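Shown next as structure tokens: one chain only, the form predicted alone.
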Amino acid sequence: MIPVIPRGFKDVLPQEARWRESICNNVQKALSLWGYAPIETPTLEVLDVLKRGGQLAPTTFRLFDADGALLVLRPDVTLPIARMTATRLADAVGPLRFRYVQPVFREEESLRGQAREFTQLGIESIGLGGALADAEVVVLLAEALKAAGLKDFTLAICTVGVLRDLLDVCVRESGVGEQWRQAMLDACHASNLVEVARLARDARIDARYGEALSALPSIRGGKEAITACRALVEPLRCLDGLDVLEQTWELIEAAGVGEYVTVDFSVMSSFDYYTGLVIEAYAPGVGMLLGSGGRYDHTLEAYGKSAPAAGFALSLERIMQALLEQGIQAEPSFATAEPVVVSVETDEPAAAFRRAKELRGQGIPAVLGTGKAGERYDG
């Protein structure tokens, strides 16, 4: 019988592992230059604890441990960091800036043939709010993708505040109820504009709000998209987040990454904890998001600490796919240089050890072997 591994998981062999390592090193260096410190969270979390922070996707892996506790394999890193910050770092003086490289796990149907383990690179900024903090997250996302080697990518941003304002008014004044609100949010999360339009035509809803809900997802562009959104919802007094978004856009342009960013009010995350800014990253030739993020100002409250927060997460595997689509090869780094053989046949073993140490001190990888001295090692 041939040994197998679980569906959706894979072994990573040296050539690919070196490329992954090189990308991660470059991105982490870029993040560290902005003052973000490394952090790690457990692979397993208690289900009920994680659920306090927000709705978990149905693809979350669940299992019981030997104590009978219901656990989940980490489906993302934001909620574990929120839990940790509110408990282990409750008395820490903010703001706090964290960066991470961690695997996450999501169940997928067997017929879809998709991976069930992914590596996320990301940041969380805790204790900072407003346009300045939002712009930092967007600009840093662009810097991370450039550090990974990408030349062509797009960041789509918007605020969920306007949509939530419209939904609040509809529930409060039209009597459609929470079930209708959740159906509308689900349709937005799925980018199902047909269903959005159907729900917006509900006879119980004031036609002005229904028309705004139908039109909102089609608004996209640059700063003019914010102006168009304002014109749409200002008569309805549903302007939450627009001022901050406009200020954020101006700071993004001032930071020199405006060419990568577009405003798109169809952008909605599958996570329900976002309260303002939402970001999605795309690249040509990749049919899925490279990553996403946003502002989640109320999430830490579920764990006993009140603090504004924002962040993003990128998929290493999708970045690699985008690099291949753009014909970009791995950049050499300390991890990708081929080792030199120091022959134990040419030199005495003790001398070989000393020579290898000397080479490594110069930053040259060296291995002890029986080949010709100075040859490249193929192992």
Partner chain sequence: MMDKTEGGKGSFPGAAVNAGVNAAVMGRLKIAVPKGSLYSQSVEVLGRAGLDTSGLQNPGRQLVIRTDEAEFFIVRPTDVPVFVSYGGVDCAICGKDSLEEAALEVVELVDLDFGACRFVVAEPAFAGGAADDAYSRLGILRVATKYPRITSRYYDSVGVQVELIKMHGNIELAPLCGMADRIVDITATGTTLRENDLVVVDEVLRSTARFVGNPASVRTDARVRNLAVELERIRACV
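Residue numbers count along the first chain shown, from 1. On a predicted model such as this, the values are computed, not experimentally measured, just so you know.
Missing here is the form predicted together with the partner chain; even so, the following discussion is about that form.
- Judged against the partner chain in the predicted bound form with a 4.5 angstroms heavy atom cut-off, the residues V12, T43 and Q102 are out of contact without exception.
- For the candidate set E280, E136, D76, D240, a heavy atom within 4.5 Å of the partner chain in the predicted bound form is found for exactly one residue, namely E280.
- Checking G304, G256, G287, P235 for any heavy atom within 4.5 Å of the partner chain in the predicted bound form turns up a single hit: G287.
- Under a 4.5 angstroms non-hydrogen atom cutoff, the partner chain in the predicted bound form has S191 among its neighbouring residues.
- At the 4.5 Å threshold, heavy atoms of A148 stay clear of the partner chain in the predicted bound form, well away from it.
- In the predicted bound form, the partner chain sits beyond 4.5 Å of every heavy atom of E224.
- Not displayed here, the partner chain is kept clear of I123 by more than 4.5 Å at the level of heavy atoms in the predicted bound form.
- Heavy atoms within 4.5 Å of the partner chain in the predicted bound form belong, among the stretches 258-266, 292-300, 166-174, 224-232, to residues of 258-266.
- Taking a 4.5 Å heavy atom cutoff to the partner chain in the predicted bound form, the contacting residues in 143-162 are T154, A156.
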